[in-house]
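Below sits a lone chain in structure tokens, taken as the form predicted alone.
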């Protein structure tokens, strides 16, 4: 699935009607920049792919919680997948209907579960038998208000998604979900939980999956569960197939939305269920760029380094996952190509954004864009080394604006000293 959001126009990297070099004339780097129009286009394309089924796409807020990106998706009718009480509260504030919110995550607190019950969310994705008992107690408190908690067990189907081990969530060694025997026992006991409604099944096998094969197998397994559970009287209405569809970080082709839907629907289309998905990276990743400035060039033992004004505290994916991100100059200079490591300013050997990349001759002050950083970029940033987190900007048509100001050193120092 290609269709680059960022492309060159007259030698300048641009998105929609904005040249990124014009942005750096007025906004100090580093910063994240997102394109709203392509985000909405991607959501609509995903929605069209599932048009022949009852479905709801619940955007994974953990990928990017920027309100300027989530509001347009809420207006398009998207749902939200939340994993914390704060994400739930934000989703509600941004206009996501409670009936379009699913609450997943391994370690939900009682406070978070109460908030979800009181909000009347569509579905709790339950990770364990212990969590079911917590839900039962909490829902009993709400019984006087006529509330019931709709739940789906998260199954661990032991399917290898062929992705990085840190983001493989449906294998037997992962902490997520329940094994088939435990799930089967809990579903068969569903009538014992008087204030719970067992109405769904769920499985999310991993992230950045670049083949539809494992996703199709997951859908097949979930379909078999629907048939089995209905045969023993469990009224399954929802099948949550999770997310995980990958994006072309290397610039190669990955499955498109149509291919994705065509792999899912043959297994689920005749079950009279609503299909829930949890897209995050596949929607948000390609619409973001992380823009940095070269502080200086250095050569050590014959190896060239471009030291930039950002670090792994801003973008941790390369250090955490050995993740590949394309790195391109904002202005396509006609200079000799050389191999360069693009590295950050944090005092860690793993603070490397790109190794051995072919780039035009770089010098102090040149700006670079690290692409496909709209998901799990700013959302995973930190203040390690007491470094301020960067600004966030959005492009909408021919205009751009700052939607989150960069933190300042003074703010961080005041926080450390306990000052307001």
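Positions refer to the first chain, counted from 1. Computed from a predicted structure; not experimentally measured.
There is also a form predicted together with a small molecule; it is not shown, and the following applies to it.
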Assess the spot marked by 62, 207 and 280: is the small molecule within 4.5 Å of a heavy atom from every one of these residues in the predicted complex?
yes
Name the stretch, out of 294-302, 91-99, 191-199, 238-246, where some heavy atom lies within 4.5 Å of the small molecule in the predicted complex.
238-246
Indicate whether the small molecule has at least one heavy atom within 4.5 Å of a heavy atom of residue 380 in the predicted complex.
yes
Is there any non-hydrogen atom of residue 317 lying within 4.5 Å of the small molecule in the predicted complex?
yes
Can any non-hydrogen atom of residue 254 be found within 4.5 angstroms of the small molecule in the predicted complex?
no
In the predicted complex, residue 313 touching the small molecule (heavy atom, 4.5 Å)
no
